[in-house]
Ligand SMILES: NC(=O)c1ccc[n+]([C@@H]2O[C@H](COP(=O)([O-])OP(=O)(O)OC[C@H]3O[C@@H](n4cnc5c(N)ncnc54)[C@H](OP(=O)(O)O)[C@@H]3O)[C@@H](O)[C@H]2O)c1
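Given next, in structure tokens, is a single chain: the form predicted on its own.
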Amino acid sequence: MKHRPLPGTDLSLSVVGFGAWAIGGRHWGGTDTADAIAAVHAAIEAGITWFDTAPIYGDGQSDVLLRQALGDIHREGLTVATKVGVVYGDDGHVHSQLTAATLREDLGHTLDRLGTDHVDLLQVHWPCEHDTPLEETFGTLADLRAEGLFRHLGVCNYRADALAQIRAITPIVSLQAGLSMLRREVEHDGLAWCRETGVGFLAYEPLGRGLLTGKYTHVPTFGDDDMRRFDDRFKGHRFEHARRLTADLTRIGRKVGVPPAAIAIGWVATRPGVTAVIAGARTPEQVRQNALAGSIIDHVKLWEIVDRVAGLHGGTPR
């Protein structure tokens, strides 16, 4: 496993991180506690050193499982990154609420669930949907950081113009945004801004919610409690596009002895400006497949080939 420094911090991140959304269960068709805990342990064994969670992942269940799986280990060389500001409204849908009161309450509950008095990286989960001024949001976060409740501040899913405004209020060390062979629009916005400013970039969804793992050779069906049931990428021509791309990744992977998931994650990790990649998993085997990406990062010729394949397929068709 390779490691890279997160710019502006003393943190060193494995190029593959563990995404905890799926082990939370909600929106992913449920979860198995034993498998989830075993997956976290498999991540550590594979050299993964950081874990990305959020309050809405299973209504805090991912936090609870991480605490149970990690115990006190996260005090000894492992990094837990979490998020703040997205809550469920009375309508049953999530909203980004970034008032001072919401931020303090949200972070307090998170620290309780994780069993810690601070986290290494706190990230604003999503831009505000209720017109809270940036000055209130990020001024409050600067105060919370000064109080020792977290060490470093990042944001998720913000565009470059907003990032510049935020940085004028308080320092941020990272942007987390979606990036994969099927989702590349951030390359010309947030990722470009991070390269120019030296801010770290953490890529999520490198496998397109599982589309690039090779698991789906035919259009799948999902239960009502699985958000992929409503994801157009798993239907029609968009699914067929992903299936053809995955078939090519599978052929390339066979030549270097890794599954298509490792190729897809490794490609994201080699994009200029990317610090590390968050790969979700619910079982130890999924973790081990994802972690193999870290062993092939330095194969320059391999990525030249994969990059050509990605270019031939382009992004996901609309």
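Residue numbers here begin at 1 and follow the sequence given. Treat the numbers as computed from the prediction; the structure is a model and nothing was measured.
There is another form of this protein, the form predicted in complex with the ligand, and it is not shown here; the text below is about that form.
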| said: Let me test this: is every residue among A22, Y57 and K215 within 4.5 Å of the ligand in the predicted complex, going by heavy atom positions? | reply: yes
| said: Is L122 near the ligand? Define near as a heavy atom within 4.5 Å, in the predicted complex. | reply: no
| request: Could you confirm whether A276 comes within 4.5 Å of the ligand in the predicted complex, counting heavy atoms only? | output: no
| Distance check, D248 to the ligand in the predicted complex, heavy atom within 4.5 Å | no
| task | Answer yes if any heavy atom of Q176 is within 4.5 Å of a heavy atom of the ligand in the predicted complex; otherwise answer no. | result | yes
| task | Look at the stretches 276-284, 248-256, 63-71, 39-47 and give the one with heavy atoms within 4.5 Å of the ligand in the predicted complex. | result | 276-284
| field | Contact assignment for the ligand in the predicted complex, among F150, Y158, F239, Y204, heavy atom within 4.5 Å | value | Y204
| field | One residue of R145, H95, R209, R113 in contact with the ligand, assessed in the predicted complex (non-hydrogen atom, 4.5 angstroms) | value | R209
